[in-house]
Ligand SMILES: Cc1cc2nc3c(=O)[nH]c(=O)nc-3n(C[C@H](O)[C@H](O)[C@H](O)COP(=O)(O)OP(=O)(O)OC[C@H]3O[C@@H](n4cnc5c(N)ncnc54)[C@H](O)[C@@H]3O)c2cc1C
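Next up is one chain by itself, shown in structure tokens, the form predicted on its own.
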């Protein structure tokens, strides 16, 4: 692709930010637009575990992106920290899964995929995580699982983009539709008028389907609400991530502990609810009884971009020249971002792709 191409990216979550970061060295200009402030939706609200919650329950398409990203995250964080002075805090703590119903499938998957997941005696788990609740009898463990401090990742990516001379970031810039010439999309309609580009990339998460409707296209991406709570403890209080019954506890380096999360189909409503607060507190105390004495210092909700099987849409929109998708990552946007955005750049720039792009191609799926 010629270096003089201009790219417009609609949506400034981690997927949009990293797409811009990957494309910027290879194109003339990148314009990134966000309807509010970058990274304030799903990217800010997530937990940041650099693994699908139950990786063995996903298709090979999700697994391929997850593995590439997990291996790449430490160097991405290092590169961003060096460039911006803002550390995304990729924190490798390992992850314990407790009392799994499908433990046998998990271990079979790990053998097949050559991942370091193994059974651990529950007494050894209590030695490693003394604050763990008493009600668990079985555990499996993966040592190399990290979490990324997603709000810091967003800040770091934004700072890196603002330092690039050919990147423009417009916040509070809601796109209402696309500008077309014949079958080709040549830009978007912003609040202050048209913004033109040779390529328009839709990275608008849960809002991507709404925008595609303006072209008469149906994208099966829908908002799925997730609520989280946050505690503040001593920095060495919880040495590892733990997960049971679909709920998890994630330690940050400074002692913040995230507990999540709910799965709710409530449209675009992001209001935190009392019911979810009580349910999350109950899960927190079941996992870590000492949290009964701790104060909840945060409670929020975000909207995940739900998609069939959680397989994102990465590539060109069929029948609409100039329009591209990188969206629909459901629960795994932060996990899959490095691979998704590398693959996207490869496809747009017509390079040899890092992963087979076929499972993610929008053609035949929208």
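Since the model is a prediction, treat every value here as computed from it, not as a measurement. Residue numbers count along the first chain shown, from 1.
This protein has a second form, the form predicted in complex with this ligand, left out of what is shown; the following refers to that one.
- In the model of the complex, no heavy atom of residue 343 sits within 4.5 Å of this ligand.
- Mapping the unseen interface onto this chain, residue 49 counts among the residues with a heavy atom inside 4.5 Å of this ligand in the model of the complex.
- In the model of the complex, this ligand sits within 4.5 Å of a heavy atom belonging to residue 33.
- Although the partner is absent here, residue 286 is not a contact residue: none of its heavy atoms lies within 4.5 angstroms of this ligand in the model of the complex.
- For the options 251, 197, 133, 226, the one in contact with this ligand in the model of the complex, meaning a heavy atom within 4.5 Å, is 226.
- Contact with this ligand in the model of the complex, judged by any heavy atom within 4.5 Å, is made by just one of 211, 142, 129, 76: 211.
- Partner contacts here mean any heavy atom within 4.5 Å of this ligand in the model of the complex, and among 22-30, 295-303, 57-65, 309-317 they occur only in 295-303.
- Along 175-210, a non-hydrogen atom within 4.5 Å of this ligand in the model of the complex is carried by 175, 203, 204, 205, 207, in order along the sequence.
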